[in-house]
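A single chain, nothing else alongside it, follows as structure tokens in the form predicted alone.
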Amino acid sequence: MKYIVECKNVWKVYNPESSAEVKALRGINMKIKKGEFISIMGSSGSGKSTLLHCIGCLDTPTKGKIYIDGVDVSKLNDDELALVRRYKIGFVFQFFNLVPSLTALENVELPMVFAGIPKNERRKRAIQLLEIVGLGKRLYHHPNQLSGGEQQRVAIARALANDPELILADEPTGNLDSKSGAEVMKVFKTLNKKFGKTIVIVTHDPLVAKTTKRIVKIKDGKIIGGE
């Protein structure tokens, strides 16, 4: 079975060798198979978001190695890391980070603009993605015309724009009521089951974690279960 993510003795230390030193990650070892649907669960300050950011090449480990689809990302330069983030990984955050002046359709198109995809092709794909997340009738709405749950589903569609195999979601239901949160988790479930996307969700919510197929528990920067 091929792993899409491998963490080998990953440490992240902020302000090393100072009185303000923080060991956010302490020797994390974890493997994620292609096509898995997992959650990383822990309380605030447990290191779960730091781990997700390191896996997503948004942050670099102080020590240890992370492999994305077999590639040791610690050996990549900034330009190479940017390409990994653009084509290998889709990000969904707690705060939707949509561009207010753009429609739902234009927000989903945006990553494809940066990837140099022709207008007709990106428009067609953006429409398809918004239909997949149940927003086929909201194409020309701006973020302020959408509910929180709808905005998050636009953000999920945007994360899929360049067809990444790995989706990383940091507290994707954190700003939503329970009904909207359940709808968002249903979308993730469909993306995993129907489209084979590998999905990793960081959460502190047991109900969200139970939606996934494997729960990795983290505490004080260490994995304490589900490794």
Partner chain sequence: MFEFELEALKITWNSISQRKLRSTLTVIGIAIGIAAIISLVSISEGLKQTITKQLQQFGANKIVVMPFASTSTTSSFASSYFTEDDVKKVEKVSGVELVVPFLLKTVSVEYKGEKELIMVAGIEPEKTKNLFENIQGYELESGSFLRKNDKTSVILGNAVAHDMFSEEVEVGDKIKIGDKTFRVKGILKRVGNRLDDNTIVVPMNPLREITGEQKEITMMMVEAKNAEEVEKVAERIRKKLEDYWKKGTFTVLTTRQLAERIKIITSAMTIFLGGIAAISLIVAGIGIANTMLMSVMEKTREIGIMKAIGATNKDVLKIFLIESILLSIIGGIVGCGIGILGSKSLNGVSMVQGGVPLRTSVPPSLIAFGLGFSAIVGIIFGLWPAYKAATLNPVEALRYE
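Positions refer to the first chain, counted from 1. Predicted model only: the values in this text are computed from it and were never measured.
The same protein also exists as the form predicted together with its partner chain; that form is not shown, yet it is the one meant from here on.
Taking the shortest heavy atom distance, is residue 53 within 4.5 Å of its partner chain in the model of the complex?
Taking the distances in the model of the complex, the answer for residue 53 is yes, it comes within 4.5 Å of its partner chain.
Answer yes if any heavy atom of residue 58 is within 4.5 Å of a heavy atom of its partner chain in the model of the complex; otherwise answer no.
The answer is yes: residue 58 has a heavy atom within 4.5 Å of its partner chain.
Test of understanding: in the model of the complex, would residue 117 fall inside 4.5 Å of its partner chain by heavy atoms?
Yes - in the model of the complex, heavy atoms of residue 117 and its partner chain come within 4.5 Å of each other.
Would residue 72 sit within 4.5 Å of its partner chain in the model of the complex, counting heavy atoms only?
Close contact is absent here: in the model of the complex, residue 72 is far from its partner chain, nothing within 4.5 Å, heavy atoms only.
Option touching its partner chain, based on a heavy atom within 4.5 Å in the model of the complex, out of 132, 110, 139, 146:
Only one option qualifies, and that one is 110.
Along 176 to 215, which positions have a non-hydrogen atom within 4.5 Å of its partner chain in the model of the complex?
The stretch does not touch the partner at all.
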